[in-house]
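The data below hold one chain only, encoded as structure tokens and taken in the form predicted alone.
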């Protein structure tokens, strides 16, 4: 299983992804699900993938081949993020058609910015179509959605800082890993500042990362402290 989150706030974009591709009792493997493409000062794209590994690897490999071959359409010549999402959706559909009907679906998050075009975040569905994040819901998810969604719903807004968004994304990832063992480390985090047109900050947290352990322990402690401060249960059911 997979869990990836993209966040679009006023300051820019934030992405987090896990890397686990299998989690059997005696067979745990991992593979990066975050990919970055760009030309400094001109354009930057971040892609996260979920779904069948053969499909996602095939799509990313085709993206790389198209860039090398300088085809008519590729990530380094599209006009904006919307065109990039359309291109990515087409590659995904073509890859899935090789094994049509065998559950080889994949979905992608793509975000970034092209000079003189809008900084945007989009979700590309297995069918090839896509949606864009909104001011009311400034995040998109792929993979194992449910465990990490509550914190995103409660905390994120368009005016959330990127640093706060990063913390929110990591807590969302930790909640997912806690409840689903098929999602796991290494965890990749990428921060892109709107208008910078540079690759941005990128970090990988391994299973033995002291920071991830500190974050998890701090969050657990804060949750317990918050519970002790909640008003007592009103057992009468009447307004007090």
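The model shown is predicted, which means the values in this text are computed figures rather than measured ones. Positions refer to the first chain, counted from 1.
Another form, the form predicted together with another copy of the chain, is not on view; read the next lines as being about it.
Chemist: Since only the chain is shown here, I'm wondering whether residue 150 would be in contact with another copy of the chain in the predicted bound form (any heavy atom pair within 4.5 Å).
Modeler: Residue-level check for residue 150: yes, a contact with another copy of the chain.
Chemist: If we define contact as a non-hydrogen atom of the residue within 4.5 angstroms of the partner, is residue 63 a contact of another copy of the chain in the predicted bound form?
Modeler: Result no; residue 63 lies far from another copy of the chain in the predicted bound form.
Chemist: Answer with yes or no whether residue 154 is in contact with another copy of the chain in the predicted bound form, where contact means some heavy atom within 4.5 Å.
Modeler: Yes, residue 154 is a contact residue.
Chemist: Since only the chain is shown here, I'm wondering whether residue 122 would be in contact with another copy of the chain in the predicted bound form (any heavy atom pair within 4.5 Å).
Modeler: No, residue 122 sits far enough from another copy of the chain in the predicted bound form that none of its heavy atoms falls within 4.5 Å.
Chemist: Report the residue, out of 206, 198, 57, 30, that has at least one non-hydrogen atom within 4.5 angstroms of another copy of the chain in the predicted bound form.
Modeler: Checked against the cut-off, the match is 206.
Chemist: Using heavy atoms only and a 4.5 Å cut-off, determine which of 130, 74, 164, 93 is in contact with another copy of the chain in the predicted bound form.
Modeler: Looking at the other structure, the residue within range turns out to be 164.
Chemist: Pick out the residues of 168-191 whose heavy atoms come within 4.5 Å of another copy of the chain in the predicted bound form.
Modeler: In sequence order, 168, 170, 171, 174, 175, 178, 179, 189, 190, 191 come within 4.5 Å of the partner.
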